[in-house]
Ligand code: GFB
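Heads up, the chain below is alone and in the form predicted on its own; it's given as structure tokens.
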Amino acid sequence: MSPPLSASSRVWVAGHSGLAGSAIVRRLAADGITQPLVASHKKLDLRDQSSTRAWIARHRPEFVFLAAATVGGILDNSSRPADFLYDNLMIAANVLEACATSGVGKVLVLGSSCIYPRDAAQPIREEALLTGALEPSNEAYAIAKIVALKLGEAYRRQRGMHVISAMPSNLYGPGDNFDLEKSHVLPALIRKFAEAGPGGTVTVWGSGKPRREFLHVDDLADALVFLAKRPEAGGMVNVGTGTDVTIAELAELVKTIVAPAAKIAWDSSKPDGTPRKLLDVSRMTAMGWKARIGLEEGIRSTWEWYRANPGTARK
């Protein structure tokens, strides 16, 4: 049994500078953990087994939040499947093995809702895992995340390490990646409408019909800290809002907030991806946690961050 998470806990946030990692750091600070262990990619390449094992053995964290990953949108996933599969496999394997070897008390692994079958029944329950074919456009990333989840289960069963795998819906928020070649749909829309300006036209991929669930990254961080504090929490669990919108509705909402006079054009020659991804979040609800940030509120705060951080946001 790991000790309770407190202000004196030795906590490592792997991937601390990314969207999810930076939100976890902010959330931990609210609980008095103001100096978690961190290591930049330049100082520690988690794809390197010996370096990862040595770093964890030296710093001996009690809690690990594994948010480090190679991530991207449909275009990036489709064009770099080898990178997405290799990088994420190695990161998960190296960190979990090093944590098990060093006796880390609890590891929270950040997964993805793309692990579920493309045509899974909606809303998607955790039991849907491995019951059907994956969405081809992000299959490599999904496979890596499935392996990470199964590795966590194996270490828990064989070595008694407390591993929780959280599967969030589509994340967004301050610190997101707005690079149009690498970003996900929501930050891409914010940047496109910002650059289109009044009277401009924004081209959006697909038909607009697919439905997606969006989770503000600060809600995700709150959920992960919530899980870290619960001694009985374990295995895999969905984290989301329990509500979704069509991509067309999302585009209209972003347009209203960022550039109300802009126009939308749909490029139906581009892929839609999975028809729908709505998570069943009943397990988290039963434990007493619910998302608090509404989509419109979250988009507005992300838009404000984008405007305040032009050099960082417009990569």
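From a predicted model like this one, the values you see are computed outputs, not experimental measurements. Heads up: residue numbers just count along the shown sequence, starting at 1.
If you look for the form predicted in complex with the named molecule, you will not find it shown, but the lines that follow are about it.
The candidate site formed by 221, 241 and 282 is entirely out of contact with the named molecule in the model of the complex, as no residue has a non-hydrogen atom within 4.5 angstroms of it. Contact with the named molecule in the model of the complex, defined as any heavy atom within 4.5 Å, is confined among 157-165, 107-115, 120-128, 224-232 to 107-115. Within this chain, residue 191 is remote from the site of the named molecule in the model of the complex, having no heavy atom within 4.5 Å. Not displayed here, the named molecule is approached by residue 247 to within 4.5 Å at the level of heavy atoms in the model of the complex. For residue 138, a non-hydrogen atom is located within 4.5 Å of the named molecule in the model of the complex, even though that partner is not displayed. Contact annotation: residue 216 falls outside 4.5 Å of the named molecule in the model of the complex, judged by heavy atom distances. The contact residue chosen from 149, 74, 237, 91 relative to the named molecule in the model of the complex is 74, the criterion being a non-hydrogen atom within 4.5 angstroms. Interface residue among 134, 100, 204, 196 relative to the named molecule in the model of the complex, by the heavy atom within 4.5 Å criterion: 204. Taking the named molecule as positioned in the model of the complex, none of the residues of 88-102 brings a heavy atom within 4.5 Å of it.
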